[in-house]
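Just one chain is shown here, as structure tokens, and it is the form predicted alone.
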């Protein structure tokens, strides 16, 4: 688990932390039931406030990716990697691209240019 946070980014730190967790779950680096580092330790490692880590963990809990158990910390609850709104937006994008004659490779190229 090597998470890197960009303190100069416009993206909120808590969102960056949540994104790191999502990516590790998606890649299999973190598996269901695996415990995440305590907020205090992660905050120190990333040079952020403990509440920032807790906000990221709560966000992921609300998405169903993490679960909290008293005295056991935060654990990966599911292998769901994409939030439902992102999946819905991606489906809509693919549908619009098809209507306008864009193929898979053209759509991927466009997304890469935008990200």
Partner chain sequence: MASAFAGRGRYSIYTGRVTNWPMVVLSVVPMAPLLVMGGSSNENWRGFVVPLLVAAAVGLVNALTGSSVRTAAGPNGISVRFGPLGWPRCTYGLEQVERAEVIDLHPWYVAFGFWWTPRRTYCTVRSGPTLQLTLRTGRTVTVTVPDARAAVMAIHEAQSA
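Just so it is clear, the structure is predicted and the values come from calculations on it, not from any experiment. Numbering follows the first chain given and starts at 1.
The next section is about a form of this same protein that is not shown, the form predicted together with the partner chain.
A.B. asks: Looking at 87, 78, 27, 35 here, can you tell me which has any non-hydrogen atom within 4.5 angstroms of the partner chain in the predicted complex?
C.D. replies: That would be 35.
A.B. asks: Answer yes if any heavy atom of residue 115 is within 4.5 Å of a heavy atom of the partner chain in the predicted complex; otherwise answer no.
C.D. replies: It does not: once the partner chain is placed as it appears in the predicted complex, residue 115 has no heavy atom within 4.5 Å of it.
A.B. asks: Is there a heavy atom of residue 31 lying 4.5 Å or less from a heavy atom of the partner chain in the predicted complex?
C.D. replies: No.
A.B. asks: Using a 4.5 angstroms cut-off on non-hydrogen atoms, would residue 7 count as touching the partner chain in the predicted complex?
C.D. replies: Residue 7: contacts the partner chain in the predicted complex.
A.B. asks: Spell out, yes or no, whether the shortest heavy atom distance between residue 62 and the partner chain in the predicted complex is within 4.5 Å.
C.D. replies: Taking the distances in the predicted complex, the answer for residue 62 is no, it never comes within 4.5 Å of the partner chain.
A.B. asks: Going by the partner chain in the predicted complex, which residues of 46-68 come within 4.5 Å of it through any heavy atom?
C.D. replies: Read in sequence order, the residues that approach the partner chain (within 4.5 Å, in the predicted complex) are 46, 47, 48.
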